[in-house]
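One chain comes next, on its own, written as structure tokens: the form predicted on its own.
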Amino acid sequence: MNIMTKTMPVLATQDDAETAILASGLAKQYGEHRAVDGLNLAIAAGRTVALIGHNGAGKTTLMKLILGLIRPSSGELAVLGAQPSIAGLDYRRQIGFLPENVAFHDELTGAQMLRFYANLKGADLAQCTALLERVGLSFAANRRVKTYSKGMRQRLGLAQALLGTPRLLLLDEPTTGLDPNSRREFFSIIRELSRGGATVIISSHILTELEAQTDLVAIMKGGHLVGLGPLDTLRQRADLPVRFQVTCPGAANRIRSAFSDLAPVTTGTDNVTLSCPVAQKMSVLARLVALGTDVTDIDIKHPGLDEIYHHFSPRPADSSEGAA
């Protein structure tokens, strides 16, 4: 099916209804530089996606393409069943966007600022009070934005992104400046939106918090999509080793000798770290259990998102990717 036309936005068909974003051979070129290069992507509605990559990997350009701020140089892109670069107001009302560097008019209050954006988007003004409460800013609704802290400005930015109950939410470094409680509340809001069928794309360099909060991981490098899928699927593709942190009071040397085939690392006399391929995990665990009272605790650590990211997108020390 051709999802692009030259004159009209492509409307979703019944078959497309569950696909929020569909790209085929998508490319964006700036002079000699291809910021996005032949990207193929399909994201179902209601998924929360971690979009990660080095600076210059193409993340920002991809977001601009999805928002319709720039046109593709080649390839096809359909978002919510429409071609973003020529879609009209009805399409844009379904999109929420929080940029990395959110900017507001300092002399307006938080409530005035949110009503301003609601008018621009054609959203119900009655949403403003509820959204300020939802992001924890009711107490500061009538204070001028210039008195807001970085975290408060970020929460106001999230409130404006939620105006109109968007079907697609694009968030660029959304937790910058948020304290731990605000971060937890932020991800609670994201889970609520996802359960309601909204698709959420989060671009962030804080990989540890994305690991537990997203359904899919999309890894970009040099304008290419080098990894896409649930974290467990990417773990299997990467085939990185599993680590066993073994607590063994007074028995570290015996265990090190018993597992010499795994090149164990000893920490003092009470702890040993073992690494093995995923396929050997259960056999190594059985061997450890068989040691009886020599082992008092076993902590199994699978590769985290930071290790998976490095596997799919290693960055040499002399790398100098452009900004995009």
Partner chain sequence: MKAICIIAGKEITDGLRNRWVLGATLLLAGLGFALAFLGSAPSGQLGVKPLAVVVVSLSSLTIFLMPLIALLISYDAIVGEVERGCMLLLLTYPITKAQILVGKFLGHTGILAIATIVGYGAAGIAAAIGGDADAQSWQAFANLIVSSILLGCSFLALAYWVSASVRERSTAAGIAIGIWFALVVIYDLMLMGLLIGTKGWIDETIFPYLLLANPADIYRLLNLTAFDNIRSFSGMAGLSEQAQFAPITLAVALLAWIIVPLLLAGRRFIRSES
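Every value quoted in this text rests on a predicted model; they were computed, and no experiment measured them. Positions refer to the first chain, counted from 1.
Just so it is clear, the following notes concern the form predicted in complex with the partner chain, a form of the same protein that is not shown.
Colleague: Go through His224, Arg92, Arg235, Arg243 and name the one with a heavy atom inside 4.5 Å of the partner chain in the predicted complex.
Modeller: Spelling it out, the residue with a heavy atom inside the cut-off is Arg92.
Colleague: Report the residue, out of Arg34, Arg256, Arg287, Lys64, that has at least one non-hydrogen atom within 4.5 angstroms of the partner chain in the predicted complex.
Modeller: In short, Lys64.
Colleague: Judged by heavy atoms and a 4.5 Å cut-off, are Arg71, Phe97 and Val102 together in contact with the partner chain in the predicted complex?
Modeller: Contact check passed for all of Arg71, Phe97 and Val102.
Colleague: Which of 127-135, 180-188, 104-112, 196-204 has heavy atoms within 4.5 Å of the partner chain in the predicted complex?
Modeller: It is the stretch 104-112.
Colleague: Classify Arg167 as contacting or not contacting the partner chain in the predicted complex by the rule of any non-hydrogen atom within 4.5 angstroms, answering yes or no.
Modeller: Contact with the partner chain, no.
Colleague: Tyr117 near the partner chain in the predicted complex, any heavy atom under 4.5 Å?
Modeller: Contact with the partner chain, yes.
Colleague: With the cut-off set at 4.5 Å between non-hydrogen atoms, does Leu171 touch the partner chain in the predicted complex?
Modeller: No - in the predicted complex, heavy atoms of Leu171 and the partner chain never come within 4.5 Å of each other.
Colleague: Within 4.5 Å, heavy atoms only: does Leu163 come near the partner chain in the predicted complex?
Modeller: Leu163 belongs to the contact set for the partner chain.
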